[in-house]
Each structure stands twice: as structure tokens, then as C-alpha cells.
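Encoded as C-alpha cells, the following chain is the form predicted alone, with no partner shown.
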Amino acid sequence: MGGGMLPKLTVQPIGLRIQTKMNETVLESLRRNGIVLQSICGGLGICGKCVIKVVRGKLSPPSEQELKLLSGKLSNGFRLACQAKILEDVEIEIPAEATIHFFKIAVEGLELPILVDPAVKEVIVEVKKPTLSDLKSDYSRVLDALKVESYVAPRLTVLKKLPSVLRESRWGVRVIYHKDLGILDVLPADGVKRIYGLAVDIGTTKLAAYLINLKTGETEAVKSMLNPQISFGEDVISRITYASDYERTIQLQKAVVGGINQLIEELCRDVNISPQDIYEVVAVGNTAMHHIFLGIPPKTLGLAPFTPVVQNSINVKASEIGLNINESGNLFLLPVVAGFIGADAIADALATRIYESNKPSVVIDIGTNTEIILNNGKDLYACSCASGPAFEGARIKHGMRAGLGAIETIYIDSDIVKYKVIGGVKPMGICGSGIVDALASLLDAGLLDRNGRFNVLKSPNLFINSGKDYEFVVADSKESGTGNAITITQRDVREIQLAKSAIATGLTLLMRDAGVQVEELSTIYLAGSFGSYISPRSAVRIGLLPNVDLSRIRTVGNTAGIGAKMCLVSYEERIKAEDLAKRIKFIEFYIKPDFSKIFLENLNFPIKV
């Protein structure tokens, strides 16, 4: 690193980027920027609690203390933050047990009443005993008792236990039966068997898991976490690029399966059940996450014409991909529509019931890959927008994810900048909703023009000169938890312009193809974590959303997760999902001849009306 430039430290999973000092230990740099790690020994390298993992970049060679405490872990990139010194730009990951930070992840959402009729059910039957004149197999006898109309091939796990269970229970058994797959388990009829399912939303950035009692349809526990794949890339394209071959795909698959298994362990502990009580997992995600979760290389998604390997819904033995549930448990994935319109979009449509409306309406699930589903009152249209990770705080100088210490709302009142911080602590950075608020307020105050340039002369006290350009000061060095001023740069403004223009352009072209005018939109459903916390007024002000009456904008939370729950609880919803996947017309707007023209127009901020 030449030219006297100071190295930068990227901290995952919070997504914080900080400037460090050469030869400073990672622990010193983290502390100086307000990030607290466990370090019982005070940084002497004795307790071994400040473990970090190097994702990329170079640190100093391992110390004697690290060689003693970490031994075999060193080869996997683990280091002690108090011993490792920074030599160049480096990215690290902090294990959950080493930090006290938490994140705001939307897990709840719009829930409509549905019929509780899961694919997996419990049936108690009396099986006819064999005789010398009746030599049917044990398995055939159980099928007869269930009155199954056509033969369903058995699972080996069931066959192994079937003879002993039948005879020990005196031919009265409790069968766990799947509508499509047949017998998943056979247990003695006496006693009570708990039957659970798991709905999972696999987002590019976040995982959300819902533990459902399949007898009642009730959600008994919910957990979420950041997607462990983040260390391999912040957005969909970077994950697809990384998973260039089968081995790397499996590496990403193991990361996400490991995260889901961690959530399963925590959920089961909270409800006091065993993972063996979980008989089915229903998962949704964008097409790249869908393929990687199954261990399918997503290479075709990154190459024109961006075709998925498979589109229909899939049933897979959960054990085949390493999910820690019942050994006979099933994994069901909803269908996908196209290369970048995945099962999560189908779940969004199910949860909002947008397909039932006879008035134009739209669902916008904002994320690193934003998915839009539009109903023109008759037909369904969809597109995806490469909005990138700027709304997650990436590529923003003081950006971070929506966690402890993130500024989430900002407004300017008579030349005074006011803000709210997640957790009520000193601010460490700004998350996406805060940046959108800030730009809306700057526009209202006349401190930002339509092209995205600061108007410094109007209120010079709100800006500092960094030497390269002016920066808007949100919190000065005395207020912040890092000891440095938290600012918004001219480059940050540009990143948000690019992200919001991608979404606005996608919606503009989708509406044009569907023959819908802005004033005709009856409802705009804002879905996803970012959509749950963003201010609709600010989103309209910067041109992220069309200029409609705010009463028409409805925040619906994590509809992808809710849609997955619906398909777990009601078999009928799976049938609807298949139908939706066929009905939705995918529009690839990037190939439209006037795409670039409209995209450039949408880069500008709208005139206030």
C-alpha cells in the first residue's frame, strides 16, 4: 500500500468500514471505532475470547499466544484480534459469540387467514396382523390401513423401524404422512407426538426461520440472523461469480445450511422440542439463493439469457443437503419464475394476495436484488432490479447494516440535524433508511439539488471539506461512538441515486408494458426488511417510489417468510404457488431500447410538488 494511504478494515457481519492505522491491532481498531469484543484478559492474548476470522487481506504473522490457543484454527483463517496487526486493507468476520451487536431484521408481516391443511399430518391407524393365509408385507399393510389409493414408494428410514414399531405397539401405530411423499415416520399409537415444520426465508443478506406447530398452524417461535454467505460477497452477482464451480457452490451451500441449522437449534431450544420433531422445511429465496441452497451451481444465472436450472417446485430429502431435522424429513422449495425472480417473489404474491385484485397494484421487495410484481387488474408482470447493497449500507462511507449504533432516521430542523440511533447508543454509522431520510431532508432544505450536488453555500456550517469534496455532517466527532464525524459524501449520494434509479426504472418500464399509469395504482406494497423500516414519504421524495398519496403505500413486512409459512401450513397454497409461477410474465427491461435513457432520467431527484 503506497502513497501514505491508511489501510481500511471491513467488519462483518455488521458491514462497517473503518479506517485504521498501520500495525495497529484489530482489537485496538475495533475499540477505537466503538465495537466491543469480549476480551477478558484486556488484550494480553491469554483468554482467547477475541476470536475473529480473516475473510480477505493480510495481517501480521501469528503470535506465540495464537499458536497456543488457536492451533488448528489458524489454517481456517481464525485469529485473535488483540494479537493480529493490520498491514493492508483487510476484511474480517466477528463470530456471534464474540460481539454484543444485534440487527433489525423484519420477520413479521401481513398475515391473512388461511385453511390449516398441511402436507404433513398425523394419522392413527390399526394395522391388520399377518397370518399364514395373509402374507402381505408390513409396509403394504400400513398402506391398506391408511386407505392409500395408489402405491407410494417407501423411505428406507421408515422400513428399518417399521417391523419393530408395529409389533411392539401391537399393530396400533401413529403414522406421519405426507400428501405427496407418503409415510415419513411410524411411531407407537400411545403417547403424544409433536409435529413441527420450519418455514425459511433465505435472503441475500438475512435468514429468517419460523417454527410452526403443524397440528394447530400456529407459529411458536421465530429467529433470524445475517446470511453467513455475506463474507463471500454482499450481493447476488458477487455470489454467482464466486460460485463459479461445483466446489465453491458447495462451500456457499454449507455456509447457509450451517446458518439454518443454527437457527433450528435455537428454535428447538426455545420451544423445548427435538429437531427430530420437525418433519418438513419450506424454503424461499431468490433464484441464486435457491440454486446455491440445493447445491446447484448458479453459473447460468450470470450469463445471458440468465436461465435457471429448474423452475418447478421441488421436494428433496432434507438430510441430503445436511439440514438437521427428522431423518425422513422433507425439504420443499417453491417454484421460481426466472433467473432473478425467485421463490421469494412467489411468496410475496401469496402473502399479499395481489393476484386477487381487480385494480392495479404492485409489490416491491427492496433488497440487493429488488423484485417487483405488478397486477394491472388482469395479468401479473414481474421484473428484477440490480439495486445493489447501498441500501444495506455497503459502498457508503459511513454506511452499516441496521444494527446497534446505526442511525436509522434523520431530519433537518432549522439548520439542526436530528437523528435516531438503533439501541439508543452513540452512533457508529448510518443504515439505509437513515441515508434515504437524510437525502429527502437535504432536498427539502435546498441543500441538495436535483442532480445530487450539495448546495454548501446555503448552510456551510452543516458541511466539512474532506480535501476531496464537501461532506454533510450527520454527527460530529464528539457525538459519534467512533470518535470520528459521521458524514454523507457526494459519492454516497451517487450510490443511492444509482440504486433508486434501478428500482424506479424497473417499475416505470414494467408499468408501461402492463399499460398502467401511476395514478391508477391502488396500492404499493413495500416488502422486506428495508421496506419495513424506510419512511414512505422519504422514499417518494427521492424518487425511489412513484409520487402517489402516502395512504396508498402499505408496509407489509417479510412477506417472503409469510408466504413460506402459508405453504407449510396449507397444501392449497402450494397449488396456488405453482399457478402463479405460470401466470407471471417476466419482463427483462435491461434489453429495452430506451432503458439507458429512462435510467439516466431517474438518476435525478424529483421536483418537490
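Residue positions are given as counts along the sequence shown, with the first one as 1. Rigid core (definition): largest C-alpha set, two forms, superposition within 1.5 Å. A quick note: this is a predicted structure, and the numbers were derived from the prediction, not measured.
Quick note: we don't show the form predicted in complex with a further copy of the same chain, though the next part is all about it.
Using a 4.5 angstroms heavy atom cutoff to a further copy of the same chain in the model of the complex, none of Y177, K420 and G423 count as contacting. Note that among 312-320, 508-516, 210-218, 455-463, the stretch whose heavy atoms approach a further copy of the same chain to within 4.5 Å in the model of the complex is 312-320. Taking P360, P297, P335, P118 one by one, only a single residue has any non-hydrogen atom within 4.5 Å of a further copy of the same chain in the model of the complex, and it is P297. In summary, among the residues K378, R269, K468, R167, the only one with a non-hydrogen atom within 4.5 Å of a further copy of the same chain in the model of the complex is R167. Shown alone here, P536 lies farther than 4.5 Å from a further copy of the same chain in the model of the complex, counting heavy atoms only. Within this chain, L443 is remote from the site of a further copy of the same chain in the model of the complex, having no heavy atom within 4.5 Å. Residue contact check for D138: one or more of its heavy atoms lie within 4.5 Å of a further copy of the same chain in the model of the complex. In the model of the complex, L600 stays away from a further copy of the same chain, with no heavy atom inside 4.5 Å. In the model of the complex, P154, L156, L159, K160, L162, P163, R167 are the residues of 154-170 with at least one heavy atom within 4.5 Å of a further copy of the same chain, listed from first to last. Core-superposed comparison between the shown form and the other one: CA of V142 displaced by 2 Å or more. Core-superposed comparison between the shown form and the other one: CA of I341 displaced by less than 2 Å. Once you line up the core between the shown form and the other one, the Cα of I372 stays within less than 2 Å of where it was.
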